[in-house]
Structures are given as structure tokens and as C-alpha cells.
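Here you'll find one protein chain in two forms, each presented separately as C-alpha cells under the names structure 1 and structure 2.
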Structure 1
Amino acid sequence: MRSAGADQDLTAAARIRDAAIRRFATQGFTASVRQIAADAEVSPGLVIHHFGTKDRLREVCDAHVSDQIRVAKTEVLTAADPGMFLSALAAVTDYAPLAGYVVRSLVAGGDLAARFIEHMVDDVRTYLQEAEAAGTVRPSRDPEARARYLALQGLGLLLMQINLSGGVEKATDLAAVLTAVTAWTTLPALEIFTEGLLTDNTLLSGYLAHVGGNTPARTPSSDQEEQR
């Protein structure tokens, strides 16, 4: 599995982008072009040459962070390989700068943050579609709504844990925060996503009937039948 630090693109633009992600993650979007240039060991003029403005640099960072997360999720979901999944868990601290960047974007708000969230939703929809095609994820009656729910749920969990750790300004050890989130969410998430929560589809049937949808007659899942 490709880790978050495995990007071998060492062009000046890539070094600037990666330096900006780390700087934005730790300091926020008030970080200056001069600071980012120093981190990337280039001149401020070269940053402007490649990206034009800091907002444009941030848009590039948004796209790269989303892409890194999408690729990692796609690899794990489409393979459905316990070994790959456990390797991903072991490497979770590699994603600390990405997690910090995501939280900073959420806290900053504004149009760029809104577009970033929509990009994340699109990425979730994409990797779920790929997992459906691979036969590892069930189809949804409303793929768009499912993607939005899962994206916002994941972002909300991360933001909540950061806030419980004293807020983004005080959560200096993002790797520890990410490890804590992973430790307490992995088992319940796998249980819910794999085995479900409700013992039958009574509530789903009632809701679909209310909104004019169609659903099979009320029956326990085949998995639950086997467990009994």
C-alpha cells in the first residue's frame, strides 16, 4: 500500500506543495508564502511562479490531500485484504499532516473549505463505486447521500477528537490524535459496516414506504440467520 509519504515527485512544485500542506496543518492558513518557501528551500518568487497566489496554492493542496486519502481508501476497500488493512492501520501516523490539513480547512471555513468538503464527498463516492465494482461494498439506493453521510461522519469524528484534545491550536501531536481516533473507532465501525446495527429492516421498510420507495418484505439478514 502506498503511504502518505511515498510520493516520489520531487519537482520544485511538489516540494512547495508538500511544504505548504505541512505548514498549513501546523500553523493554519495564515502561514505566509515566505515561510512555505523557506520550508521547501526555494525562493518566495518561485512559489508565486508555480502557483500565482496563496489561494491557488491552497487549492492545489486541497486536491492533493483529497487524492491521497481517496487512493488509500480505494486500495483498502477494493482489495478487502486483512493484511493490507492492518498495514494501513500501522501506518496511520503517516497521515497526520493530511489530518491536520483537513481539520485546519474545516475550522477556517469559507468558500475554499466548502469546495474542499465537496471534493471529499466526490472522492468518497468514487472509491465506493470502485469498491462496488470490485464486489466488496454493497450498492446503495442513494449513492450520493451515502457518500455525503460517510464523508461528513469521518470529518466530524476527526474534528471532534481534535476539539476534545484542546482544539486545533493546542493539538500539537496530530499523530497521537489520529492514533487515538483509529484505536476507538476501528472495531465499532467494522462491526456496523460489516454486520449492521439493527436486527431487521423494519425501520428501513417504514421509511421507504413513507417516502415512496420499495423494499423487500421484513426479514432478518442472511448473516443473522447463520449466526442463530
Structure 2
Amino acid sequence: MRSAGADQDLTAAARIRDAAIRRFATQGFTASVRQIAADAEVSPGLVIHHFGTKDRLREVCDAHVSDQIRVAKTEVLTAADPGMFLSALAAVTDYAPLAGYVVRSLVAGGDLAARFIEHMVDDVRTYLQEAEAAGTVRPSRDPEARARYLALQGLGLLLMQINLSGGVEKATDLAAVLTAVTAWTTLPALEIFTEGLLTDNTLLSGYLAHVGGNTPARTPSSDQEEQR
């Protein structure tokens, strides 16, 4: 397998990049160049020599994490549940820094975060489409909005819980938090998803009547394509 306490057999630039990803994941993007250099057993100057700037180092890290995620994703067989994916990612201790890095990116709100979320929404949408075709999921009046809603909601819940339990801190804890939150979350989620929350549809029909002729809202949707 790749990297198992591997330190020496990597080029210095790669060691710096990996150390940076680890530091960024555990301490956030305020981690200093000197700390990263120390982790990579290298002088601070070399970091700049190879990457030019701390910001450019971060860009390289973003790109690398993005690649790693794409690889891991195909390995994990495209899990569509937003939580499940991060959880599976964090489970393999090798990939734990990746999950931490993504979490940091999400709260920091950079380019990587936007891309990650968009992919997540895409995954959820296709998953819902397939499940709907299979007859296990109800059709929606606005499938795009529903996919986005479910993805953002799940990721948001996760993030919320993560940096409430004392920040991202140690990477190993991340997996624990992820499984814990899915543990107490599944019951209410399943309840609402199968039985709903409200007893009647006065609110929904009221809302539908209210927006009747108007544009529903954002997100390119297809109004109602099937009535069934």
C-alpha cells in the first residue's frame, strides 16, 4: 500500500505538501510555514523555494486533496450519503487528514469547498434519481432543489457537530465524531424521511397556492414535470 510511515522515500516537495495537508487539517489554514517545515524536517526557506508562497502551497494542497478524493471516491464506490462518504474517508486512517482538510476547507469556504459541495449535490441528485426510478424514493416537485437541500443539510449538520465537539483537533477523533453523529441522527432522520413531520398538508398546499403563478425560487428546475 501507499504510505505507511513512509517518510524518507518521498521527494522533499512531496513531504512538505503532505505535512502541510496534515497541519492544515488539524490546525486550520493559520498553521505556520515554520511548523510545516519542521514536520517535513526541512528548513522554512525550502518551503518557499519549492512553492513560492504559502498561498500557492495551499493551492497545491487543494489540488492534491481534490485528486485524492476523486481516487478514494471510486474506491469507495460512490457513496451518495453525504455523511457516509466523509465517514468512509475518515475510516481509513491513511485518508483521515483528507477528511480533516475538507472540513477545514468547508468552514473556511474556499474554492475546494465549493467544488466538493457541488460534487456532493451531484451525487445526491443521481442517487435520488436512481432511487426514484427504483420506486424507493418519492418524486419531487423540484428534484434539483431537493438534492441540494438534502446535501447541504447533511453536510451542515455534520460540520456543526464536528466543530462543536472541540474543533477538528486530532484526526482520529474525526471518524469517531462522524460515526457518533450518524448514530443518534439516523432515528430522527429515518422517522422524518418515512413518516414525515407534519400530520396534514395544509402548510405545503398553502405554500404551493401562495407561489402559484410565481417563479418558485432559485435553482433551475422544471416546475412540475410529472403529476402522478
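Here the structure is a predicted model, which means the values were calculated and not measured. In this text, rigid core is short for the largest set of C-alphas that superpose within 1.5 Å between two forms. Numbers follow structure 1, counted from its first residue as 1.
Chemist: Of these two forms of the chain, identify the one that is the form predicted together with the DNA.
Modeler: That would be structure 2.
Chemist: With one rigid piece of the chain swinging against the other between structure 1 and structure 2, say which of 150, 196, 129, 107 is at the hinge.
Modeler: That would be 107, the one at the hinge.
Chemist: Please work out, using C-alpha superpositions, how far the smaller rigid part turns between structure 1 and structure 2, and give the answer in whole degrees.
Modeler: Smaller part versus larger part, rotated 37 degrees.
Chemist: In Å, how far apart are the CA positions of residue 29 between structure 1 and structure 2 with the rigid core superposed?
Modeler: Here residue 29 registers a C-alpha shift of 7.7 Å.
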